[in-house]
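This document opens with one chain alone, in structure tokens, the form predicted alone.
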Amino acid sequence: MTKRQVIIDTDPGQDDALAILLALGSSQELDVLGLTCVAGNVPLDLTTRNARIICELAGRPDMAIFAGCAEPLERSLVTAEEVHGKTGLDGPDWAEPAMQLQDQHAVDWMIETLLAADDGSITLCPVGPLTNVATALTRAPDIAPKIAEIVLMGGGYFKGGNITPAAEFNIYVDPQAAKIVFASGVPIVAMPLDVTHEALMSKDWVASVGALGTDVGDKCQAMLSFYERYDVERYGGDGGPLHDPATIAYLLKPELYTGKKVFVDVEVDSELTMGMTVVDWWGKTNNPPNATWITEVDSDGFFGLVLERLAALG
């Protein structure tokens, strides 16, 4: 089997952490070339810290981690400590990471890595604001043919937004960057709130993560127990969604997901609807599709896959 080469662009965040662990626990299928960090859930100094913590937890202190953009392209940074806690990874007790960041800026490394690659050979998985990816595409448009596809977590149409009535957090933090990425011509698969809210963590499933009896399982149970309390309080129900791992799960088992090729644009002018992903579901604009918008998931298959790959890191 040929491994898929992947760059994960991230702002950890507990759900980002699970996405990273899912990828690192799938070494037979995925070759993670590096992690590029961006400001989002928490500021950049914490997202880079958290990425190193998670790689050490996974037994991968060799992973290359790069600090990227500390601010959105045009707007002031909005963070989400009310969801993720003051560190972004609240829940467990964490030791400070020993591994070091790479010296190179994330955008420079992303451009260099893509330019050196064959066409269509590297998949980008952004699970935070799209500042790094948009900056790379703007600075070096010739990287676009090198990208097999961009599988991102962001947006919402049928479910609305989770930071404003209209906008999902990752897109809202840097809507100008999101607009650039959706207009880039690179094949895009979007994992919006429409699908992530179709797969809710049960208390039994979170307990099964802890029951793995490993440090990975214990830390993940503590992270998820802290993380899902926000969505349970906000939305009701027995459990919250696990957003970011959907991107990695799609790479591993696309058959778990159903979507539709559509045209997507991003609102960048109206403060009322800033960051809204406007999805032309019925083809009313006659614009050619620029993304596959995922709306359905085999929830049991998704949570079974995540648990299996967390166990592989034991």
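Values in this document were obtained by computation on a predicted structure and should not be read as measured data. All residue numbers refer to positions in the sequence shown, first residue = 1.
Note that the form predicted in complex with a small molecule isn't included here; everything after this is about it.
When you look in the model of the complex, the only residue of Ala178, Val195, Leu89, Val127 with a non-hydrogen atom within 4.5 Å of the small molecule is Val127. Heavy atoms within 4.5 Å of the small molecule in the model of the complex map, among the stretches 96 to 104, 205 to 213, 168 to 176, 139 to 147, onto 168 to 176 alone. At the 4.5 Å threshold, heavy atoms of Asn162 reach the small molecule in the model of the complex. By the criterion of a heavy atom within 4.5 Å, Ala190 is excluded from the residues contacting the small molecule in the model of the complex. Though the partner is left out of this view, Thr47 does not reach within 4.5 Å of the small molecule in the model of the complex, counting heavy atoms only.
Taking non-hydrogen atoms only, Thr277 never approaches the small molecule to within 4.5 angstroms in the model of the complex.
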